[in-house]
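We begin with a single chain expressed as structure tokens, specifically the form predicted alone.
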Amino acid sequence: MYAIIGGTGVYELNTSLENIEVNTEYGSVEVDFLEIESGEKIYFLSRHGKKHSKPPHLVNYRANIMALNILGVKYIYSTAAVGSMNEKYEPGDLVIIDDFIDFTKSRIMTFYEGKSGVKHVDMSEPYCSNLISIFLKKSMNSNVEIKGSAIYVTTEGPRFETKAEINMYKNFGDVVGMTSVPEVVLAKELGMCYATIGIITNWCTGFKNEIKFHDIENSMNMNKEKLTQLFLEIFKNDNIDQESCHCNNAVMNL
């Protein structure tokens, strides 16, 4: 089974969807889905809620990922609105997220809390190299242009970062966002293949221009539909497996 997790401004597919509510031990989650010709289902989850009611530090990441796991999802593409602190990446550009640095402060990061012994998850390849490779190949024959790869610095939010913080973060990464962690970690813990496409929505604080909501909205609107359609094309037409990556055996028991 497949899933698309939509970030800021990416809430619906341009097709008829059915809806289901999934109950988990961490809370209930509303998920839309469509069934493709193979009989497989593609699930669509709005990270912040369809009305954008959940700020990044209060998103129930464990419930979201566990709900997809209960539904049998093994492959996830996600979108993320990010600010750029790399001169090469301008608002409106798309980047492949290939690693992260975590500066969050108060989030629950794991499903493993000692009930079943001590477990650690390998983060040598947090974002699935197989899903990334498939996406890049497909994008070359589409209207989706990828500007490059990026390291994602995750901050707590919901406030934007200060100039001093950005001056520090730009030594560590290329883009800043508020949602990739712990989402990517939780997916890895449950053996899911997970990849994120970053949509550059603005320059980071003090980097160039001030952050404006309409710039963020315009950048999202430019890219959300074509990205979603490419995700759907991959899920409908590509034979994806977990033999070309290590996502389903990243958890180590000690």
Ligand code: HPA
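In this text the structure is predicted, and so the values were computed from the model without any measurement. In case it trips you up, residue 1 is the first one in the sequence shown, and so on.
There is another form of this protein, the form predicted together with the named molecule, and it is not shown here; the text below is about that form.
- Not displayed here, the named molecule is kept clear of V73 by more than 4.5 Å at the level of heavy atoms in the model of the complex.
- Among residues of the shown chain, L190 is not one whose heavy atoms approach the named molecule to within 4.5 Å in the model of the complex.
- When contacts are judged by a 4.5 Å heavy atom cut-off, M66 does not count as touching the named molecule in the model of the complex.
- Mapping the unseen interface onto this chain, V29 falls outside it, with no heavy atom inside 4.5 Å of the named molecule in the model of the complex.
- Remark: of stretches 174-182, 99-107, 112-120, 126-134, the one touching the named molecule in the model of the complex is 174-182 (heavy atom within 4.5 Å).
- Taking T228, S46, N202, N60 one by one, only a single residue has any non-hydrogen atom within 4.5 Å of the named molecule in the model of the complex, and it is N202.
- Of all the residues from 150-169, those having a non-hydrogen atom no more than 4.5 Å from the named molecule in the model of the complex are T155, F160, E161.
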